[in-house]
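Before any questions on binding or motion, here is one chain by itself as structure tokens, the form predicted on its own.
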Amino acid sequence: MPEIFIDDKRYEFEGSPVLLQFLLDVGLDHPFFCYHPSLSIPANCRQCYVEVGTPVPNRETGDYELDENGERVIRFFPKLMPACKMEASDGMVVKTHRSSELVKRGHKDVLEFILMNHPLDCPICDQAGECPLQIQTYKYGPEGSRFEHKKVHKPKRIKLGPRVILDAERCINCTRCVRFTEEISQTHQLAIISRGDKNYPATAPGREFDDPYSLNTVDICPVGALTSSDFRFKARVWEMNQTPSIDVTNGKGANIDIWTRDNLVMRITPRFNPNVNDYWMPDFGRDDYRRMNENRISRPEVKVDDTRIKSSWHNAVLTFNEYLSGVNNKEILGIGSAFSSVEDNYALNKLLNRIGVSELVFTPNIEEGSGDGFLISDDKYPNTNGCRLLGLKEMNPAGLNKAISAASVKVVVMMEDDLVGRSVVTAEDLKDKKVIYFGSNNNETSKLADLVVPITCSAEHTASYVNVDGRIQRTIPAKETLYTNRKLNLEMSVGRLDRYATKYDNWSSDDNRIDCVPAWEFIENAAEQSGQPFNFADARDVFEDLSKSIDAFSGITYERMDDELGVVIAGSEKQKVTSA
């Protein structure tokens, strides 16, 4: 197998990896700015300098030439080489800053040049705390600056588009943003304009940066030149908790990180998964933080004499069982939701099956032609394939409307799907029927319900979803509810402010905790109150039960989803929506 020597240590490799990526893959920290593993390699920042040499072959014997000590003779390049552009070759010898003073000086000199006109505004920069330039300056940069002249000024606070703001003075011309629009989103909306120390990225005159993936340029900017107009100046990275999760705004299920402070979601950023979304996500998925924070249903609501009132959880459970026991099973219609998790749909289906309701139905939310073939799918809900694998009966809107409108139906149990808001049913269709609605946010359907059960959103529970490619992935709770505590839940991350805060500190409060529970937990309480509990203590119990009951999920666990970055389920290919 080919071998390479880095700082006098031997490594083996396969193929022709670029040297910088190989260094990172074997766990060796090395500075760089312009390189990104999913973009082309311009090698224009020169920060990844290394000394590189190769053994000298003997043309007569075909072996390598040896010195007087019997060691290979190494011929080094006359200058430092950018590691991002060098392909590893058999026998190559590499010296990094760990073993070469020349490389160490090269890193320092490049950083000094980059910082020559860089503004000294780290204290007010959104990138502070997660800025590669800031980090590498501390690790590899000079002690101070020898350039005590007036810095070059460039335009500041330029609104490139509806989501991205440019501070051109901070730009180091890595061209990551330009290459992203050329190679990934392929909108070609950004280009480097002007020359020398005056250049920076910009849009064409009269055009705006409205790329549906524009905020990915903020993620990959190695300085604070590009910032999110929505998140700008809202929080510091060290104040927030970072929790891995998945995007539930469409069927692709992009992997994300949820950033919270004081139990509010401050921002959503993409998380690397080579099988789903690589390093990217669509902009509209980031707006989902509003759903997680705003317009939430908190505490159960019951309709009494046409008046909606807040109720206790005990009364909500009693009312739920009263509605279901007051009619026969033929008069109950259970509606699952492709927006809800596998666990919640399974628990509701299990409960209704117990009382004689043969099947849960659902209707997908698919808009043909609205996808882009990349990370935006036609399917607007995250768990359509999950509902299919659970055996829920799939109906088109007309078929579901007909089922709801049937005179025989007296009780409708809906799992989190705004059927009225998306015009599948109308208020008239639900008239004279008892409607039970499980939901996390107020909407047109919840306004008409006789019993509203507030349930956790995707940022507050552990749950799994099957995306359009048949890959099951799961969420991890990032927000606390009124009944959870991140210090006690081992899956939840605990930040510095959470760890040391008391109720008397002005940065910590309970005001942002929602009075809600996972849907499966409410269903478990209802089953227990009726004298036949399922004995579900947590979401893992629910998933373990369904994996034993449904062949498609056999052998799948939360641990596998985590370790394998999601598990592809056999037989979960797309199916056509049929009417009933």
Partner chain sequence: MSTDWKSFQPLLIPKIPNLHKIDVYEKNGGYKTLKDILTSKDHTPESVTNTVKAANLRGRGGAGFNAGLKWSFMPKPDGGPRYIAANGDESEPGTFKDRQIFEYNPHQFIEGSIIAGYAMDITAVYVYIRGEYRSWINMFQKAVDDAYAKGYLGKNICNSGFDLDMYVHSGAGAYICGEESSLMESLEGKRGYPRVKPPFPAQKGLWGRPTTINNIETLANVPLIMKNGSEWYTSIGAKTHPGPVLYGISGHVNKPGVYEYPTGMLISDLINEVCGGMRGGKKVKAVIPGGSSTPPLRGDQLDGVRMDADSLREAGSMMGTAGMVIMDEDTDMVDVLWRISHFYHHESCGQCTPCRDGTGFLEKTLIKIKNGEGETRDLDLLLDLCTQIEGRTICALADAAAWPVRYTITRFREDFEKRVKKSAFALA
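Bear in mind the structure is a predicted one, so any value in this text is a computation, not a measurement. Numbering follows the first chain given and starts at 1.
There is also a form predicted in complex with the partner chain; it is not shown, and the following applies to it.
Scanning A398, I192, A128, I309 against the partner chain in the predicted bound form with a 4.5 Å heavy atom cut-off leaves one residue, I192. Though the partner chain is absent from this view, in the predicted bound form it lies within 4.5 Å of a heavy atom of just one residue from C45, A519, A526, I514, which is C45. You can rule out all but one of 421-429, 268-276, 334-342, 99-107: in the predicted bound form, only 99-107 has residues with a heavy atom within 4.5 Å of the partner chain. Remark: N328 does not count among the residues lining the partner chain in the predicted bound form, judged by a heavy atom distance of 4.5 Å or less. Using a 4.5 Å cutoff between non-hydrogen atoms, N441 does not count as a contact of the partner chain in the predicted bound form.
In the predicted bound form, no heavy atom of N293 sits within 4.5 Å of the partner chain. Residue contact check for E148: one or more of its heavy atoms lie within 4.5 Å of the partner chain in the predicted bound form. The partner is not shown here, but in the predicted bound form the stretch 160-197 reaches within 4.5 angstroms of the partner chain through a heavy atom at I172, N173, T175, I192, I193, S194, R195, G196, D197.
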